[in-house]
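Listed next as structure tokens is one chain, alone, in the form predicted alone.
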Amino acid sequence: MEKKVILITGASSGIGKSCAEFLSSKSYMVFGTTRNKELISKSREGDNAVAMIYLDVINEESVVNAVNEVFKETGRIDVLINNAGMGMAGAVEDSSDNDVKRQFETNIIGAVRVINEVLPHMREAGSGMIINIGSVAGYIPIPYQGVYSATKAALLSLTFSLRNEIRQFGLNACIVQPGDTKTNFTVNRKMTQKSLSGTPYESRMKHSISVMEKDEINGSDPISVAKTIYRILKRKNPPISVTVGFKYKIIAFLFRIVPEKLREALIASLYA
């Protein structure tokens, strides 16, 4: 049986890299994308190698070229995993227009660019799966990561809409929402410029970020996300949304049933 082809954006580290390596070991043909050109020359070596190609989701030409490269080599793209993303910490008031645009450009507009480039190929084949990597921050908005949380909430809504739109063509979509995960995101956390220059939010912001960092350092291994995606790919009727990790599944359930005021109080007690 011919191997299914998977395209994973943002596959040079963290969740994307774990997904690429794990799924490749499960006999999928995996293409990972990166902006690091040095990684591209080192890829495709050894068994179960992940083929790395250049892609920058904020550049339309780059997206077109990357998808065409995969399609020319394989003649198909069976699964797209939209993992590329970025986030910045800082109060909403300390987020400039550029800070906001940068996060939405990568996490939402970039995801749509790749989806729109891949969909015609999937439609023609009459099959395909799009998996967006969201975050529990999409439904548990975290103080001092408000814009990032907003992008993940938008990605959740986008996935629901997309799923209904593409069902008529025999295609599917879902969103995977990890909780705190042990990746380089912690040490590479970016801050908005205003939050670094005497912000009135400084004290509580530092406390909130320290809580986040502790949770991330003690978070789950990114392989848990890769295994979740593998289970989704093996299902005939995949779910709309999957939260990764037992603790976060419980939190997700509780957040659906408790009053909004109680949710707000709980988040405030943890972070703000």
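Residue indices: 1-based, along the sequence shown. What you see is a predicted model; the values in this text were computed from it and never measured.
Below, we refer to the form predicted in complex with a small molecule, which is not included among the displayed structures.
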{"item": "Partner proximity in the predicted complex: Ser127 to the small molecule, non-hydrogen atom cutoff 4.5 Å", "value": "no"}
{"item": "Partner contact for Gly85 in the predicted complex: the small molecule, 4.5 angstroms, heavy atom", "value": "yes"}
{"item": "Proximity of Asn218 to the small molecule in the predicted complex, heavy atoms at 4.5 Å", "value": "no"}
{"item": "Partner contact for Glu69 in the predicted complex: the small molecule, 4.5 angstroms, heavy atom", "value": "no"}
{"item": "Contacting member of Thr159, Thr181, Ser195, Asn172, with respect to the small molecule in the predicted complex [4.5 Å, heavy atom]", "value": "Thr181"}
{"item": "Contact residue in the predicted complex, from Met205, Val50, Val57, Ala226 (heavy atom within 4.5 Å of the small molecule)", "value": "Val57"}
{"item": "Heavy atom contact within 4.5 Å of the small molecule in the predicted complex, the stretch among 195-203, 162-170, 145-153, 91-99", "value": "145-153"}
